[in-house]
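Let's start with one chain on its own, the form predicted on its own, as structure tokens.
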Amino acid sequence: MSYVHHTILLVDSDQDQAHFTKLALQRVGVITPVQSARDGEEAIGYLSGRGTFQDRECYPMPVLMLLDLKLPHISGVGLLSWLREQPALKRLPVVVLTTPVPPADLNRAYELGCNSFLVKPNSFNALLVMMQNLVQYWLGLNVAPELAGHPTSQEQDGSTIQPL
């Protein structure tokens, strides 16, 4: 299955990890570009549509954010806190995808509204399996919320929400 109208924002300061995550997403059928930000500041600029991110044709609003907690400038926890304070963005699904962290960081991410918490696997094959499951659930089964002022992917492609 291929997934269109499903922009993902990948926020990860480790460019090698970001590359492999994007590659895994492509291999499991995500054909629209996966947008990326290297740190919390850049992610806020993207989500706010500021600066180089003003053009929503080139930088569409994501339906899902994959967030590493270990970011420079503004941490992943700081970005998550900011996101949940934004009326237009507070319902954006966020999957934390990070290296192992202390239980306090995991709990804090959930307190701030992350929707899922995944630990980055050590091999590309394990990452492929993880991304297959993530995409199947978040882009295939999950019904995305409407972000204020931005239609859901179902509204973009003309489909309606149907029960299973």
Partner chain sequence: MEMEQAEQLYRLMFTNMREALVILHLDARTPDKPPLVIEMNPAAVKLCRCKSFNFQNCLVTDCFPGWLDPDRFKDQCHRLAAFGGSQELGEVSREELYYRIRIFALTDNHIGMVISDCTRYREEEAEIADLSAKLEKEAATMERRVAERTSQLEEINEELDSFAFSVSHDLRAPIRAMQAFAEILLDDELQTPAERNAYLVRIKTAAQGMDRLIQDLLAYSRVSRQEITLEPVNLDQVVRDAAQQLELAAGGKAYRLEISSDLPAVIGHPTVLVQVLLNLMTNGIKFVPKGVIPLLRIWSDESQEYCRLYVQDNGIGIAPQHQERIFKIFERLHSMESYPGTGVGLAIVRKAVQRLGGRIGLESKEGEGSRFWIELRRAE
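Positions refer to the first chain, counted from 1. Just so you know, these numbers come straight off a predicted model, no measurement behind them.
Beyond what is shown, the protein has a form predicted in complex with its partner chain; the following relates to that form.
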Problem set entry | Listed residue (Gly45, Pro121, Pro60, Gly29) with a non-hydrogen atom within 4.5 angstroms of its partner chain in the predicted bound form | Pro121
Exercise. Can we say Val34, Asn107 and Gly113 each have a non-hydrogen atom within 4.5 Å of its partner chain in the predicted bound form?
Worked result: no
For this session: Spell out, yes or no, whether the shortest heavy atom distance between Thr99 and its partner chain in the predicted bound form is within 4.5 Å.
Result: yes
Exercise. Taking 4.5 angstroms as the cut-off for heavy atoms, does Glu146 touch its partner chain in the predicted bound form?
Worked result: no
Problem set entry | Touches its partner chain in the predicted bound form: Arg50 (any heavy atom, 4.5 Å) | no
Exercise. So in the predicted bound form, does Arg56 come within 4.5 Å of its partner chain, heavy atom to heavy atom?
Worked result: no
Exercise. Within 59-98, which residues have a heavy atom closer than or equal to 4.5 Å from its partner chain in the predicted bound form?
Worked result: Lys70, Pro72, His73
